[in-house]
Ligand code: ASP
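Here's a solo chain for you in structure tokens, the form predicted on its own.
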Amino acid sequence: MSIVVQKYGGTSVADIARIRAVCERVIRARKDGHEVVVVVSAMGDTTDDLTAMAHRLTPMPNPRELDLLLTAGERIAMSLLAIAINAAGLPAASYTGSQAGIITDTRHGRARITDIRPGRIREALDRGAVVIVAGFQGVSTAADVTTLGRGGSDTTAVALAAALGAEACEIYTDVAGVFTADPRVVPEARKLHAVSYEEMLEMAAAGARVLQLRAVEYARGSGVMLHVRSSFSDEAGTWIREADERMEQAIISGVVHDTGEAKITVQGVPDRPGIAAAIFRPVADEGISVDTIVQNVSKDGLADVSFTVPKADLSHAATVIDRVAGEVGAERFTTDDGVATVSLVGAGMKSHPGVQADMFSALAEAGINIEMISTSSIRITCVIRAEDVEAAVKALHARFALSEQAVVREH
């Protein structure tokens, strides 16, 4: 029998009624002749609630103990689902990340998977059982419980699918697939039938919440096909896979926005070799991701360097930059948490000149000022004011007629 890995997000297992619905879907997959491995997130807002409790005790919880606390949410969800499936007459066994053989590095809160040892899962599948695994967690090489960061259950599912040679990895969530824009912002946004790994990587990096970035990286590296679909209906979702000819018909696949960014500007930086490394190496060493970077033209031997970081890391990053600014001889630094990013993503823009000009024109006509710009071969990102982000998404979606292009891609 072929193995199918199914991952269910927090909204999909938010209460007993939804856990029963997941149970029914798992049983259908088993009756269709598949061996089934299920990865679950914590129920509803459990992780946020546990995090809030820890921060009521102290602004800086001990990382090891915080990881132990946060993994409790997934253990509750996996146990309840296993109980439901067993009660329905189908054998099921649940495992924590460590029991499932998910080995990580030693970084708490943002651990990376270094190895999968799925022997125990294979034994359970050979017995005819459905296997339920707690997502978002593993055990480090130092034998400590670790977590994989926000959205880490996606990575758990993809890693298990790769290790088990699964036919596919189904990501069940509260949306029906990947859309040309957030349907809550652009109601006429259309669902895409298929998106390439490269496009999905850029979308995830630009702020799309459908899949964790590392999960897409893992899928591309291991060749695992992903199917993003709704846990509340049986309709087909969006396939994430290698690019093919059909995918190249659309110039732009979607507009992605992110309001979770903040900007730091280091002013009066001496313009000499090695300064950029001196600024960004300490930031990287603290595990803080940097996205857009802009350095202005040097004047009187001094320059300004601006860059964006996740808003959640702004306080941490500011502490690092406060030290670094003094070390490199900068005059001062400022922070700005009132920014957002809007991005165009599409493999087709490689061979279509003028996309950047059309994007900038659309934003200008909407009265939106661009503060920073970064590009890749298939993505253009603009940093704008946070209050302008919805208007920017609507303007770009309309300018590039993405509702109509989505129809082409679906056929």
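Predicted model, so just to flag it, every value in this text is computed and none were measured. One-based numbering along the sequence shown.
Same protein, other form: the form predicted in complex with aspartic acid (ASP), not shown, and the subject of what follows.
- For the options R150, H316, R112, R272, the one in contact with aspartic acid (ASP) in the predicted complex, meaning a heavy atom within 4.5 Å, is R150.
- Interface residue among A42, M349, C382, V36 relative to aspartic acid (ASP) in the predicted complex, by the heavy atom within 4.5 Å criterion: A42.
- Annotated contact segment (heavy atom within 4.5 Å of aspartic acid (ASP) in the predicted complex): 151-159, selected among 262-270, 288-296, 99-107, 151-159.
- Among residues of the shown chain, T47 is one whose heavy atoms approach aspartic acid (ASP) to within 4.5 Å in the predicted complex.
- If you take 67-83 and check each residue for a heavy atom within 4.5 Å of aspartic acid (ASP) in the predicted complex, you get just E74.
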